[in-house]
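One chain comes next, on its own, written as structure tokens: the form predicted alone.
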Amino acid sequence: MGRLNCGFFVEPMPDAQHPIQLVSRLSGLSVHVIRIWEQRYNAVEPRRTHSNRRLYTQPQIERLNLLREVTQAGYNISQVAQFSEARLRKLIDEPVAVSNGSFGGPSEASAPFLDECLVAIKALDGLVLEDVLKRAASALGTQGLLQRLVAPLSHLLGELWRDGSLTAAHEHFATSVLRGVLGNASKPFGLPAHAPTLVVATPAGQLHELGALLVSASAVSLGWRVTYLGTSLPAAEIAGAAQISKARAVALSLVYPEDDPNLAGELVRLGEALPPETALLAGGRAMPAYRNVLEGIGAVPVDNLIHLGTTLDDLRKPRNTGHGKSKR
């Protein structure tokens, strides 16, 4: 684990073996994230003991640190998991504007809150989870809470559910608590009469709600009036609500599944039914699987909450006509 020399701790030798709990502290990543990055993306390959415990070398810890910095800069772990250490360092030294399929990533300030949320969710402890979210809101602010905690938490819950680390009951429990928090964040305060309207929903077959709730809360904080429709609505219903509310835009959350054979047709029907002046936006974990369809109907693929914010800001500009159906 390390050597003592005259009473001082000396850095571990490169071939020393470290348990995952220590690696979590040294890398700044939660144990859950390290396991996901290993199992799903093969970012590192720890040695296994006879009792199946993971053991990591110092170079692997350094690699995890690099991956953490790169993902915090905006890259998706799926993009960079197989990059060499030299290439990862180059990304850190020469940052560029990137887009990815997630809604954001945890920061150094939000990572402890993320760990606390996961512990509370595993214990199905709603009071503790609500307390963590309240403290995070005070520390991070509304946009920080949404972009740096709730968005990566939502993404991680999906990963843990898909690989069997969490049950459907855990995922539903977390959604229930977060629905209340995001619902409060979505309440408009002092919106002017001329505030533009955004209709938020998930199309038919898309049952996961957290992404849509995140979009609603983020849009409200940016001065939009939100008409929230919930999950799994047919294209005609979404288009009708957009017409009734005279919406400037419709935002869809696409989370799961990524291979719905019916969704492409629903998206095309929605694009055709929306008024020419109403923009169509779509984001979420499953969005990249439907990017070609979205671009084909003139919709705007939204890569994360920051991209959502800039897109909504553009739509408010009087000179802007670049995102409406007239371009489809």
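None of the values given here were measured: they were computed from a predicted structure. Rigid core (definition): largest C-alpha set, two forms, superposition within 1.5 Å. Residue indices: 1-based, along the sequence shown.
Another form, the form predicted together with the DNA, is not on view; read the next lines as being about it.
4.5 Å heavy atom contact, Thr310 to the DNA in the predicted bound form: Result no; Thr310 lies far from the DNA in the predicted bound form.
Heavy atom of Trp37 within 4.5 Å of the DNA in the predicted bound form: Because a heavy atom of Trp37 falls inside 4.5 Å of the DNA in the predicted bound form, the answer is yes.
Partner contact for Ser78 in the predicted bound form: the DNA, 4.5 angstroms, heavy atom: Contact with the DNA, yes.
The DNA contact in the predicted bound form: Ala279, any heavy atom under 4.5 Å: No, no contact at 4.5 Å.
Options 294-302, 29-37, 258-266, 57-65; stretch whose heavy atom lies within 4.5 Å of the DNA in the predicted bound form: Result for this chain: 29-37.
Displaced residue check between this form and the one not shown: Ile34, CA, 2 Å or over, core reference: Shift of 2 Å or more: yes.
Rigid-core frame, C-alpha of Leu312, shift of 2 angstroms or more between this form and the one not shown: Comparing the forms between this form and the one not shown, which are aligned on their rigid core, Leu312 does not shift its C-alpha by 2 Å or more.
Large Cα move at Val268 between this form and the one not shown, threshold 2 Å, rigid core: No: Val268 shifts by under 2 Å between this form and the one not shown.
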